[in-house]
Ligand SMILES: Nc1ncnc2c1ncn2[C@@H]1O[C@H](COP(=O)(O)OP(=O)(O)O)[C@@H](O)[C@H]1O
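What follows is a single chain, given as structure tokens, in the form predicted alone.
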């Protein structure tokens, strides 16, 4: 598979290219639970690598309506943009070779590079001996590592991860695994795979519990305040989410944002749902 080509500066935005360009399927990412196709998208003389997830390739889930995962991925991008942190690669909903689906700009190594999906997680997550995470790390919990032994699962005490933890709390991400962390150019962190999000019920499952109960940083409070304004009736974001989610799900986003601002702290596990996704990576 070819390495991704950069979009020339000053030309079409990534969203424009993903929306207007011609999709060509180059291969399939077989490790994914749903159909994930590696593609190129081209418009006139511009092209880029991307991921295409057709709705027709989604496996039914007991706790999410059928055929809605692509819309949730796009909604996650919209919320990420509204927070101002650019944590989700440009993502659109459009028709493709296998019908309507989510199309997202490829970030990170080329698709044929070894362990491409795990690059970010490998640098930001670790298992350590003992009961303390060590300087620069936050503890998540103990994990079995075989032969009756346990190790402490930790993640980096990193502002990029902390922003992602806030985003996950807003979108109610039920599947924040290590393999869903990708480092792009200039060490920029992206989160991918946001199909199981925006449920009305609390389903937050993540490896980023290290800040649970801690005070939200000022930048998070400011970003959440701006997001709350964008969720008001008549605002663009509210209308866009209304096209992608149910009315009850949009109301639940508003409620989660209001709760975060009222508490002023990172949320902790609810105790009513497994707190850590499986497998964790």
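Worth saying up front: this structure is predicted, and the values here are computed from it rather than measured. Residue numbers count along the first chain shown, from 1.
A second form of this protein, the form predicted together with the ligand, is not displayed here; the remarks below concern that form.
- Checking 125, 192, 189, 170 for any heavy atom within 4.5 Å of the ligand in the model of the complex turns up a single hit: 192.
- Note on contacts: among 42, 32, 252, 212, the single residue with a heavy atom within 4.5 Å of the ligand in the model of the complex is 32.
- Though the partner is left out of this view, residue 241 does not reach within 4.5 Å of the ligand in the model of the complex, counting heavy atoms only.
- Among heavy atoms of residue 79, none comes within 4.5 Å of the ligand in the model of the complex.
- For residue 180, a non-hydrogen atom is located within 4.5 Å of the ligand in the model of the complex, even though that partner is not displayed.
- Heavy atoms of residue 51 reach within 4.5 Å of the ligand in the model of the complex, making it an interface residue.
- Contact with the ligand in the model of the complex, judged as any non-hydrogen atom within 4.5 angstroms, is confined among 60 to 68, 221 to 229, 241 to 249, 32 to 40 to 32 to 40.
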